[in-house]
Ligand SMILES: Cc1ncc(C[n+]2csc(CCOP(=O)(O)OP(=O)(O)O)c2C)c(N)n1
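Before any questions on how it binds or moves, here is one chain, the form predicted alone, in structure tokens.
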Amino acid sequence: MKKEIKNKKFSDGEIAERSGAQCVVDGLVKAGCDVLFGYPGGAVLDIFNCLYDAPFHFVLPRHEQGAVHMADGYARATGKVGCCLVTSGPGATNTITGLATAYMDGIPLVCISGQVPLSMIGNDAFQEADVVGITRPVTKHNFLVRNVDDLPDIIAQAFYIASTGKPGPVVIDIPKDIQRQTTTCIEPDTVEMRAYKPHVDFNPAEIEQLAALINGSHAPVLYVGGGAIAGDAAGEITELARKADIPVVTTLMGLGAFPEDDPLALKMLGMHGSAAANYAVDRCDLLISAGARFDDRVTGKISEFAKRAAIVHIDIDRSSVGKSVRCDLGVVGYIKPVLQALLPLVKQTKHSEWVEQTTRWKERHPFSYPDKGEVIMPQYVVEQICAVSNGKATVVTDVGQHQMWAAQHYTYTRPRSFISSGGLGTMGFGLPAAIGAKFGCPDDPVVCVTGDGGVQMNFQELVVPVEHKLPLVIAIFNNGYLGMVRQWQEIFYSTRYSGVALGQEGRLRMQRIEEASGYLPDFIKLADAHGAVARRIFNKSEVTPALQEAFESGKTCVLEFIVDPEANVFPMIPPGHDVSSMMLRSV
């Protein structure tokens, strides 16, 4: 529900005064906020008093970190700016992990925090924290409001900064006295900032050079990152790949930017990427990076990365071009108009021999895993989630082995259908982000793929979808370990498992439900206590029926899958190594 802001006027035509708190609510409405995630406290009571009559939906999480992750998931699922509101002191400091998560992945957020009165700042007042100083390294920008007359402009500027250029989180810290003061200043219709000019006009000469490189290439690869999704360029990526017959690899954040059921799709590259994707990047003669930042999990040993190729880097941020990897051509600009300008210059062609080679790599080295009879392999669960949902679910993951399995074994065909913490790798992200995604896209099936370690970090948020009667499927992969750390300890530390075991010894080899009582916590009882429907699955034959029932239930459902405790993620390129060191399977 949208509200048109009309400034109240007195009978003589003067604009009525509003409190700073009311300016916050009106500013959120003007910016298009339809869901606000927040947690109250003394320093924001005036804003919450105005929220009582706000036209948008307010969601109360159970922790401020959960609020930011929900706003983040909402933003990733919808492409809109996510919004959250917290109080001062610990309320604000609890947002830091969520802000850092959004900052690393370029997610547009506006986080509003309360602050002690201006006169008390610096006096160690109750619940005072230097929010501007603390959040500066993990935000695109932040504001401390010192004058209520500036507040309408600041709110508009925050949304503008968050959503333009490379997106990112913005914090507005509002002292309590500013919230109570009144102003006649109104929300601007447009935003113009002297020191922030995000609009970049690309250089036509660079586009011509790129087209010439593509037209002269014999073995090109498109390397697509999350920027292609943020820049709404999935359609152009697909058109370019098909017109010039270019195989496509994606980063973790770029999953869904190119349909993985297309013959040109090689899926994800990097440390746990497909063998075909990694071989293709290693052997190509032209690598076109579109909306990717050459993360270390992608490049491995930089001196060996794509060493046979001319490298082109398309990015909105000039400072990112060539920062991590040598760059033969940098194209600075918004990815969508860059590709739109490029497409007419690219010849319709076929790279039959090259595409056939990449296809052979796919056929020889598919993502695979052993069949252990009725023992549940986590990869199988992901495949069944894809089958039961007809590939139409929005998959939101936590961080760890299950995150990689979800990336490998689900077929992503549309942008914004895979949501995960990429750059920061934040455990505890999955459940609240899935809730935010469901609020943003209520008609889409949403499934949270998480582990028994990560889900415990923000499990308290399970009550939110139950309260709001959201159909949400939470698939917990219970292997009794902090799985990815255990895998590294197995491979690189001689199986010296230290600090990674969850639950009692032997718990994961049990066959009967009554034997589960020794594992703490009991996820079924915990889910039941939060009001969710819950079920524990032991056998492979139970997986598909359990998923079908959960997706069809229309309720918040927790499915705990007792999976193979020592299943590993492969392929794997050890950190700092190149493709020649790729481990295709366990040794």
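The first residue of the sequence shown is number 1, and the count goes up from there. If you're wondering where the values come from, they're calculated on a predicted model, not measured in any experiment.
Although it is not shown, the form predicted in complex with the ligand is what the next lines describe.
Though the ligand is absent from this view, in the predicted complex it lies within 4.5 Å of a heavy atom of just one residue from 231, 454, 440, 225, which is 454.
Out of the listed residues 131, 265, 81, 399, 399 is the one that sits within 4.5 Å of the ligand in the predicted complex by at least one heavy atom.
Residues placing heavy atoms within 4.5 Å of the ligand in the predicted complex fall in a single listed stretch, namely 478 to 486, out of 115 to 123, 350 to 358, 205 to 213, 478 to 486. Residue contact with the ligand in the predicted complex: residue 391 places no heavy atom within 4.5 Å of it. Taking the partner from elsewhere, residue 168 is found to have every heavy atom lying beyond 4.5 Å of the ligand in the predicted complex. Although the partner is absent here, residue 275 is not a contact residue: none of its heavy atoms lies within 4.5 angstroms of the ligand in the predicted complex. Contact check for residue 425: a non-hydrogen atom falls within 4.5 Å of the ligand in the predicted complex.
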